[in-house]
Structure formats: structure tokens, C-alpha cells
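The chain below stands alone, shown as C-alpha cells; this is the form predicted alone.
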């Protein structure tokens, strides 16, 4: 067992540097100091897993508001609080929601900080989520590639499913935003790689051919970087927080045709930036 700097949050490490599973915690009973410590732990270790958390959809939405301003979804599902997004696959699904390496909604001007996913129904086996530590992904690059990446920016484009989430009709109404390829986390001061294959359209400072080659190399580096990956196995009433500013994730779809259902809330972060003095 490892202890965080805040004695109220005891956790087991998922890997030595990445991921944490809290011990003997009830989220709905957390103090403001505990919630602040949870957010700091997520910034430092990327992922916070909390087991056996029974709560209603509204209780989850109320707790998520304690993480900061939230993304609001206009899905037309009246029974679902607008702060929550249904994450579900079943016998009618052709692919998994989140079935590629990505950081949530990175096309926003102020992309998400923390995501909070609570799983209600899980398959008899499978359905794990893989996570990748973008601090370690950046640090594992050679100094020459690190220096190049720090000079580059990327255009992040919205995708078609955001029409459904936003309640609008055309992609032209959705934003594209340019973010640094390497961003500095405001809580830790550490640099993290910030490009993902689900949202990035192109690099801004290169030709299309050059940019595609650089991005392909970075995406392969992320996908094959098993030394900075971890895997979370879901159980009913498991809640997982991940910090999109330093983490990417990939939802497996190995359980068809069984049902997997949960609800996600997402807090809004700040505009990504690179601090030239950051490590």
C-alpha cells in the first residue's frame, strides 16, 4: 500500500508510476479537501479508480460539479441529467464507444480536465479500458524528437458524433482548435504529449506529408508504449477518474453481444499551453 501526500487518500498503485486505486473511500462522503486531493492525485498519477460506489445518476452529476464546470450534453434523453453522457454497447453495437486511443473531446478550445466514468452494468468478462501515460510517453522520446514536438502545434477537429451531443445539425457549426503538441499540466508543471489519432487533423508547421509521418510515428509510440500503459478491469459500481491533460484511453470491445453500460461526466479544463521552462 502506498500513501499519497494527503493522508486521507490511501491508494494501491496500479503500476509504479501510473494509476491508483483508492482504499476505503466513499465518494459521496468526501470533504472539499478530499475532492481537491483526488484531483491532485489524478494530475500526478493520471488515473484514480474507486470501487463499490453506489449512487444515482443525479448523485453522480452532483458530485461531478465539485470537480469544476462541466460539459453539458443535449442528447434528448430526458431521464439523463444533462451533465452525464450514456456510454453503452450491446448486441446492436458495431464498435465500442472510445475504441481508439484518444483524449476526450480535445477539439474544444478548453478541452476536458477530469473525466468521471461510473459503470453500472459490465459483461461477464472483457470490456476493460486501457490507459496510456502521456507524461511518460513524452519523456520516452529522444531529446531531438522532444525538442521538435515542443515546437509544433496541431489542429484538433470535431467529429460527427458531436452533432448528437451538441444538438446541432452540421459539422461546420462545430469548432476546430489548435493546441500545442506538448502541453504543460497546470497542477504538476510536467510536460505531456498531446496529440491523438481520434481528433487531430494535421500539424500546422509542416507539410501534409511531413505531418502525417510525424503523427504516425507518435501514434505508434503511444500504442506500443506498454511500459507506460495500464489496464482497468470494471466491476459494477466502479468509478474511474482520468485526467485528459496527461492521459489517453482506449475502450476494448471484446464482449459482443453482451451489455456494458455506464455514465460519464467531464469537467472543463483550461486552454492547453506549453511553458518553455517546464520539464
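Model, not experiment: these values are computed from the prediction. Positions refer to the first chain, counted from 1.
Below, we turn to the form predicted together with succinic acid, even though it does not appear here.
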4.5 angstroms heavy atom contact with succinic acid in the model of the complex for residue 251: yes
Hey, in the model of the complex, does residue 192 get a heavy atom within 4.5 angstroms of succinic acid? no
Within a 4.5 Å heavy atom cut-off, is residue 97 in contact with succinic acid in the model of the complex? yes
How about residue 114: is it within 4.5 Å of succinic acid in the model of the complex, going by heavy atoms? no
Which one of 87, 137, 149, 174 is close to succinic acid in the model of the complex, taking close to mean a heavy atom within 4.5 Å? 87
Where does succinic acid sit in the model of the complex: which of 175-183, 140-148, 201-209, 100-108, heavy atoms within 4.5 Å? 100-108
129, 234 and 264 - do all three of these have some heavy atom no more than 4.5 Å from succinic acid in the model of the complex? yes
